[in-house]
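In structure tokens, the next block holds one chain alone, the form predicted alone.
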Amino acid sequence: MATCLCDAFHDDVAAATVEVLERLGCEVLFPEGQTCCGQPAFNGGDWSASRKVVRHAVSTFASPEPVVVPSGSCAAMLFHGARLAFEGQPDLGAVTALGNRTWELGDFIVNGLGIRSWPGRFDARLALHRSCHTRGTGSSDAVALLLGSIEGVRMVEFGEGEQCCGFGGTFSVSFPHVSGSMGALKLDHVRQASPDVLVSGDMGCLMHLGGIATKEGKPLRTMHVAQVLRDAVLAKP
């Protein structure tokens, strides 16, 4: 599942995800009819509209293969949020079945495929933003494990690492000033660690933080974990 943000803004993340999975020997299928996970409407309180989108996802991803998503947020919507929206609905079972085989990319590589290290080289100090939607899942620890195993990578910690970046999807639209202030505070902590790149498994967080940094006149290089994994292999002679 490529996600809306890949479709609209981060097509290279989708391409990198495919390259990473194919390098691991996976055959990647891409249903052309896919649209969205249903999270925007769900977060906005319009669960009826969200259910329509989720039902389309269930139909589009009806085959039994694992569904791998380069987004902890979208993955969590399908295996957690969607179940809440469908409580008491006759098609809860189909929604639950889709959620049970949905994985965030890093979680799938480490905990699904059992890969514990990554080849190649990436010379940089990396700060990992652990997004809110990966809390309670194996995603952030899996991503940290993979990144830390790459030759040349130096992982740096920053203050209040578990705090939200302020994006929150529709939250950033409804409460832009609060959202912006949260993002600016997050960036203050990140900059104190002096990373070369801020990495995350969620594009929404990276887009939000990168946009604030650019607006402040202090751009910060951001990369999705899939891009780091892909580039590390490409850089190795």
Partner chain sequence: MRTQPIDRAAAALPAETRASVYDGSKSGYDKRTKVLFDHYADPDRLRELAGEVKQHVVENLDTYLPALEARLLANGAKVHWASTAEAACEAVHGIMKARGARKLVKAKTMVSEEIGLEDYLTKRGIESLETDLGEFIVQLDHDHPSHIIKPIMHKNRRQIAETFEKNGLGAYDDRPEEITRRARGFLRHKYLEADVGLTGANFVVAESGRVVVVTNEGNSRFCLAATRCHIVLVGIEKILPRDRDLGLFLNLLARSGTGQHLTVYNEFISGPRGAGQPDGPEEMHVILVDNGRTEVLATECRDILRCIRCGACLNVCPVYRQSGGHAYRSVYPGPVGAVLSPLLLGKRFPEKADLPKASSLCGACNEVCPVNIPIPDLLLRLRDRAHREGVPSPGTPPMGAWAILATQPVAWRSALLAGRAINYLPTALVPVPALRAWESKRTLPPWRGGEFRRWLKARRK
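Numbering follows the first chain given and starts at 1. All values reported here derive from a predicted model rather than from experimental measurement.
The following text describes the form predicted in complex with the partner chain, which does not appear among the structures shown.
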item	value
Whether R101, H224 and V228 all lie within 4.5 angstroms of the partner chain in the predicted bound form by heavy atom	no
P64, heavy atom within 4.5 angstroms of the partner chain in the predicted bound form	no
Contact label in the predicted bound form: S149 to the partner chain, heavy atom within 4.5 Å	no
4.5 Å heavy atom contact, R191 and the partner chain in the predicted bound form	no
Distance check, L220 to the partner chain in the predicted bound form, heavy atom within 4.5 Å	no
Candidate from V58, V197, M182, V68 lying within 4.5 Å of the partner chain in the predicted bound form - any heavy atom	M182
Heavy atom within 4.5 Å of the partner chain in the predicted bound form - qualifying residues of 32 to 47	E32, G33, Q34, T35, C36, G38, P40, A41, F42, N43, G44, G45, D46, W47
